[in-house]
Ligand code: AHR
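Here's a solo chain for you in structure tokens, the form predicted on its own.
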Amino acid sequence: MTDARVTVHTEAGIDRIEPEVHGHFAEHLGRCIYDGIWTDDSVDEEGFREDVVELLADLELPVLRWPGGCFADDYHWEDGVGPREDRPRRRNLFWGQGREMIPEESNAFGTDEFLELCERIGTEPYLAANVGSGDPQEAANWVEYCNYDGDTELADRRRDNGREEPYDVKYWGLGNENWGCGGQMSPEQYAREYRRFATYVGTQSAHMLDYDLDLIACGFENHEWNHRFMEEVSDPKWGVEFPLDHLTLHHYYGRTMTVSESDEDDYDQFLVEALEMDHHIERLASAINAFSTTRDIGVIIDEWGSWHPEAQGGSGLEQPGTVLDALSAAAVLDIFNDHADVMTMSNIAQTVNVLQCLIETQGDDAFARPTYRVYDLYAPHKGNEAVTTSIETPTREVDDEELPLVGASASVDDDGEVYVTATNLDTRASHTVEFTVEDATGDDIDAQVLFEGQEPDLEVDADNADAFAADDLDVSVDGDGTVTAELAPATVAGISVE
């Protein structure tokens, strides 16, 4: 018996789903870079882990943020360029390397290595400049080193380091968590620092470069902070239009719940926390619209995902990859689709080995985690027009909140094909869902499902990783094109409809 209904309003467009909404994040932390992406012991003469590179390339990442995170606000880019044997070994003030979290940075992996990685996997780089302990000159020099094609010392240094052509890095974050590890700044203080940095970085747009850079400011989950930042950074006393293209915040959830030690009530609470993303996007967009417009300044969530208690300094911030975590990622990606009119990017934390990573390495093995499978299933949405969905679903009361047990989002490609993703957020029971796509005949249906028959706390390892791949989903289609599917507990579905 049907107990949930999803209606896809194909003529009610929201906006284009920017591919960058499926972005990722890599920080010099634990085993993310060293032993994750890069290793001196690799058979690749350049040091990259080819198994990881291949997995990343297969996923077609649209954008990758680096080098942090808190690491970025004590990172000086010139330490990581030039001959590796000449690079200084520095402190890693906020984190450390390996599971032992040794608070040192070899600088073996720096700007040129990262940008080569981006080219190998076909992704846009997003660099986070040091505002906390750096200065505008350092940030402007980094842009010049990466992007200028003229005859200056920094452009020539890049050439001497083996890169003739500019990298044309478009996305530049000016600071990271400047309310915390990035300097413990008030919103007004950060707004003034942001403008100062943006003056020296942004002036290179259309002057030294023949294109505009995208400048990104870092906001906060405390939305009063964002309002005060926007008020100060947009104050007309500054005399010129403020150079701000995107405002971001970070949202982690699950900080008090170890999946393997939890029950179904805990799972419900965890998913409610994940769905708070909807609220944060709306509040961040509201802060922008109070002083400008989200047509001019986009919303970015450039750190997000599950962060469980076992992910601590003593473990290199590693935690098991579970079905439940992947389910939460699907629910959040549906939220991003529904906010395609304001969302310009997101970056899940982190790419390899750390937190809710997509890829894990164990010795010589590298394998996809369940969250990787979700990104693969959701890939057809990238670049499509998001459209409105109406959802009738049973709910469950969780403290003072209501958990919707079925969620969904939909998009339409240039050829009119509709792609619907749906989540059964109920970890206890199946739900039979009717999907009605307006103006669709249902003549050509392709449906897949993730995690059917797998427990929410099932963890991935090198031996069982392939078991998390998508399977065909049985559906029925009636005369008016309505698709009906039974979604098993804690599953994610992707359905193409023409």
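Remember, it's a predicted structure, so these values are computed and weren't measured experimentally. Throughout, we count residues from 1 along the sequence that is shown.
Below, we turn to the form predicted together with the ligand, even though it does not appear here.
Trainee: With heavy atoms only and a cut-off of 4.5 Å, decide whether Gly69 touches the ligand in the predicted complex.
Mentor: Flag for Gly69 set to yes.
Trainee: So in the predicted complex, does His250 come within 4.5 Å of the ligand, heavy atom to heavy atom?
Mentor: Yes, contact at 4.5 Å.
Trainee: Taking the shortest heavy atom distance, is Trp307 within 4.5 Å of the ligand in the predicted complex?
Mentor: Although the ligand is absent here, Trp307 would touch it in the predicted complex, with heavy atoms inside 4.5 Å.
Trainee: Though only this chain appears here, would Glu303 touch the ligand in the predicted complex if you measure heavy atom gaps against 4.5 Å?
Mentor: Result yes; Glu303 sits at the interface with the ligand in the predicted complex.
Trainee: Can you pick out, from Thr371, Thr427, Asn107, Gln350, the residue that has a heavy atom within 4.5 Å of the ligand in the predicted complex?
Mentor: Going through each option in turn, the one that passes is Gln350.
Trainee: Can you pick the one in Glu177, Glu360, Asp214, Asp334 that has a heavy atom within 4.5 Å of the ligand in the predicted complex?
Mentor: Going through each option in turn, the one that passes is Glu177.
Trainee: Based on heavy atom distances of 4.5 Å or less, which listed stretch (430 to 438, 22 to 30, 466 to 474, 452 to 460) is in contact with the ligand in the predicted complex?
Mentor: Comparing against the ligand in the predicted complex, the contact stretch is 22 to 30.
Trainee: Using a 4.5 Å cut-off on heavy atoms, what residues in 354 to 379 are near the ligand in the predicted complex?
Mentor: Just Leu355.
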